[in-house]
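Starting off, we have a lone chain in the form predicted on its own, written out as structure tokens.
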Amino acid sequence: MIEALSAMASVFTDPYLLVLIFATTILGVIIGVLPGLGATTGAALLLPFTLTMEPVQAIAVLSTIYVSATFAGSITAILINTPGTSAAAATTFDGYPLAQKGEAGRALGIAVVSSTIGGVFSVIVLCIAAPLLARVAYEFRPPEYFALTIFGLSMLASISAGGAVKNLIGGIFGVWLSTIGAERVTAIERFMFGNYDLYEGLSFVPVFIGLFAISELLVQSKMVNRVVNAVSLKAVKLPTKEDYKKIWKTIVRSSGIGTFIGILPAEGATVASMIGYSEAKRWSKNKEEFGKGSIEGIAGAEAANNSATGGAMVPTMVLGIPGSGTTAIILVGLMVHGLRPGAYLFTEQVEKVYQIFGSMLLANLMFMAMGLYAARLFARVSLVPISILWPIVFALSVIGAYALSQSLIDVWIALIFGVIGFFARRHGFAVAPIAVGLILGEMVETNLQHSLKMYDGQWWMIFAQPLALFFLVLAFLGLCGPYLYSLIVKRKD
């Protein structure tokens, strides 16, 4: 434990890493306040540029983008009623009405403090829970990992607002994409159509750049002439003593809710913020203030969405199951740099793991300072015309896709998946389930093959393993539970 704490502390004494995290925090806040971008798009754009860095530096950059952009979405949510990220959508419910009353500084102060407490809380839980869960992961064999991955895929039903059926269709499409290329055991070519550039399968980086960055560009293209009405902001005000008395229970509750939601495979900050907001309203003594500028509503949403960032890193680093769309990209970064998620990561490379945790803690403290003293400056970034912003994003997307292996096929893959992502969004499908399905698809196939080898093709023996059966039952309840519950209610009625 002493070695782990010293590894975390080393982040605060490494000049290069300090400067890198500081610069990335600024970039993350800028990405977060730009409506249409966000943590996932920012991480997808930066992923190719982290490939030349050291492993700790690369993951520190991606995780810093994650936490800082998640917070920064609240700035535009409060000032222009446009959440910079989907995780800040619930913040608009009370943040913007409070700003319209002339209390924009107070609203941002509540958001900054709640976000920081939630983020720091989740990092502390991450430091404690991840090693404990890693010990449990030692008991996992191929059958358990197969069942866990099925459970992760079942959670796609609630990963976003697209609807359970559409999300599952997106996840299945992602799993199918993972089968493109030569099968690892038999080397049988699948869906290659004679193109040997696809022999190793689809590369995650260009696919993610297309799904998250280029598709967002195409969606935003119809908003070129949008006019933004911004609320004036003089200065950010820290919460008063009376404010703290009113919101401290909400912050503690939402921090716990957000961390728990983040730990669940395939959930994320958006779901956490909505639940945090609804629970804040449920337990509030002033329910009539919600929707009209309640500081409890702001605190509930912001503490929950930022605490989900640390929680989402738990299954990502311990089990290799992304806790959100952004952690799916961070997971790719881990694998590219040779940091294979799992139990051995916490025994063989524990120093690097805790340096990553320390980077997240430092990023939370840095965005607090920026939120308090530079929110007014960052808010002006949101007024950058889309006609200027998105050509820059497109250029970065193409450069990032090409930089991976200096291959034009990766550029074409990014462009193709940009179009696929655009039409998916246009018809109500979220792109995050596709990305998660692509990552988990390989795990499903590989662990199923290994399980069948263990039991000489007797697939039903998987159900004889208690832990595997537990995860499969959870997956069944997650998919069929709401339907079964509605049938029971109908029969009672």
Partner chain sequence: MNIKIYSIPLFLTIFSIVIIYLSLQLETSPEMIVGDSMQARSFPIFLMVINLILVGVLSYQFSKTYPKEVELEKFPTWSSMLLFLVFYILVTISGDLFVAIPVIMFLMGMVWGQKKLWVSLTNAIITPLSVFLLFDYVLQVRFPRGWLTNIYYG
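Numbering follows the first chain given and starts at 1. Since we're looking at a predicted model, the values are computed, not measured.
Another form exists, predicted together with its partner chain; not displayed. Remarks below refer to it.
Although the partner is absent here, L452 sits close enough that one of its heavy atoms falls within 4.5 Å of its partner chain in the model of the complex. A residue is said to contact a partner when one of its heavy atoms sits within 4.5 Å of a partner heavy atom; L79 fails this definition for its partner chain in the model of the complex, lying far away. Taking the partner from elsewhere, Q349 is found to have every heavy atom lying beyond 4.5 Å of its partner chain in the model of the complex. When its partner chain is considered in the model of the complex, R190 lines it closely, a heavy atom lying within 4.5 Å.
Relative to its partner chain in the model of the complex, residues I172, V185 and Y483 are all within 4.5 Å by at least one heavy atom.
Interface residue among F423, Y373, Y199, Y344 relative to its partner chain in the model of the complex, by the heavy atom within 4.5 Å criterion: F423. Checked against its partner chain in the model of the complex, the candidates I251, A328, I214, L148 yield a single residue with a heavy atom inside 4.5 Å, and that residue is I214. The stretch in contact with its partner chain in the model of the complex, judged by heavy atoms within 4.5 Å, is 177-185, chosen from 67-75, 241-249, 177-185, 330-338. Heavy atoms closer than or equal to 4.5 Å to its partner chain in the model of the complex belong, across 407-423, to the residues L408, V411, W412, L415, V419, F422, F423, ordered by sequence position.
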